[in-house]
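Shown here is one chain on its own, the form predicted alone, set out as structure tokens.
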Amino acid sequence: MATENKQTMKPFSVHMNKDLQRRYRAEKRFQRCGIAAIAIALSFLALLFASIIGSGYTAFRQTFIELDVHFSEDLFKDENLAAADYAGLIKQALRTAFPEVKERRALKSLYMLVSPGAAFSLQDMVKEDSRLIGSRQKIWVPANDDVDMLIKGQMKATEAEADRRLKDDQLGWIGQLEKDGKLETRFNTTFFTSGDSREPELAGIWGAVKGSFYSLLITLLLSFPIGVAAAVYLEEFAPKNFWTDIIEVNINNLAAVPSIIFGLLGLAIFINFWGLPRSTPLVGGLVLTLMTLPVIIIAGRASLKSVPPSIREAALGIGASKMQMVTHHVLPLAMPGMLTGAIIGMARALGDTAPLLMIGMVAFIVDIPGGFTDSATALPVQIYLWADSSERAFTEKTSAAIMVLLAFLICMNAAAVIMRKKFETKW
């Protein structure tokens, strides 16, 4: 009888073993597919970072030329120091360095080796120290962007003359400057301390960084308290009825609305209806507030839901009012999650471009903004403007600005993760 039962069960066991083996093989295939997907994603991410860094790291270096400048007193007879011909001083120094250059066209090519911003550098030096007038000084001035590209290897001297922006005679002068030790590269402080410029070697991100800072400051001051208050009301005080369901659905839908729609809304309300000035951090901050509010509200409600009901019941059981229960017990426990959601929302606002384009922050602005109502641009918009330029030197500026923006975003997201890990309460 036992032998008969054993023979009866044997086919069923074999079938089960085959089925289990098939499941195990399918599970291993799924794991391998998952690992392959992660590897492919990381490979593309590494390729993206390598491309950006490879194109942009040279922007952190800038080429300078040493000139022997004679601050002739004849040029400073006028008491207004700004009226002096500083560009003439640069040209005179170049003619002194290359006395063999006489022909007018050759002189024009010679003058092009130095950046137009060199004259402003001399002007700032004289304003700072008027004792330079009448003296002869060896001064390092920024080179033209084409010279900068050649020194950094972005332009090949071996190419045919018709295929490069620098001519053969200019290459000879550059070679002579290198031989005499009058050409060197230094850390590009201009990139971090200047505003935008039509000359690539003079362009910087400081104006865009300050515009982004002012916009994000307004966004944080408005969106965080409003978002937390809305989340607390909807989760703790609002009655559960048809209207609150409609509000909840609308908040969830607003979180998925394309950002350019918020830009159109800001253009229609803040600029056309309220009459606020275009291209200012004030309007940019208001638009970004509308965009980040749904994210902060959703994150705030999720944080409030994560607080156990026993906390609420214990607070109410010892005689606390509902307001005291929320403000003294529930809200402090939910605040780390709310702060994390706020940082993530701010990071999204920092990297968004479309709504700012709609309110005019795409304008070419040279001056550094000094307040919330000054004309300004933002860092992602600055990247958009430089990427649209045909100048080769702006390509490395674009990649370098992307690196700075990514660094800010990584720091903000890392702060959100650290804050969540540090203050999160395990139940």
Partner chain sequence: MNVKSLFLASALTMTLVSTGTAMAARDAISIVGSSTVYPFSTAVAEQFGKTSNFKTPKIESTGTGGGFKLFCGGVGVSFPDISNASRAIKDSEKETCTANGVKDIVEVKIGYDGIVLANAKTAAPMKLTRKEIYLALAKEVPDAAHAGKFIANPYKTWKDINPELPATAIEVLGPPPTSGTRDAFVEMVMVAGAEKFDFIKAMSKSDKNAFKAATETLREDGAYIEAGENDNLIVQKLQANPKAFGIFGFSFLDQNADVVQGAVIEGEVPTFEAISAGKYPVSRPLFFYVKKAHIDVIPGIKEFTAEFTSEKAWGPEGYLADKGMIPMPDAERKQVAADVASLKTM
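Numbering follows the first chain given and starts at 1. Being a predicted model, the structure only gives us computed values, none of them experimental.
The following text describes the form predicted in complex with its partner chain, which does not appear among the structures shown.
In terms of contact with its partner chain in the predicted complex, the residue from 99, 239, 309, 153 that brings a heavy atom within 4.5 Å is 239.
None of 233, 140, 187, 192 but one reaches within 4.5 angstroms of its partner chain in the predicted complex through a heavy atom, and that residue is 233. Its partner chain in the predicted complex is approached by residue 360, whose closest heavy atom lies within 4.5 angstroms of it. The closest non-hydrogen atom of residue 392 lies within 4.5 Å of its partner chain in the predicted complex. Proximity of residue 366 to its partner chain in the predicted complex falls within the 4.5 Å heavy atom cutoff. Contact annotation: residue 179 falls outside 4.5 Å of its partner chain in the predicted complex, judged by heavy atom distances. Listed stretches are 129-137, 161-169, 252-260, 342-350; the contact stretch with its partner chain in the predicted complex is 161-169, by a heavy atom cutoff of 4.5 Å. Heavy atoms closer than or equal to 4.5 Å to its partner chain in the predicted complex belong, across 277-308, to the residues 278, 279, 282, ordered by sequence position.
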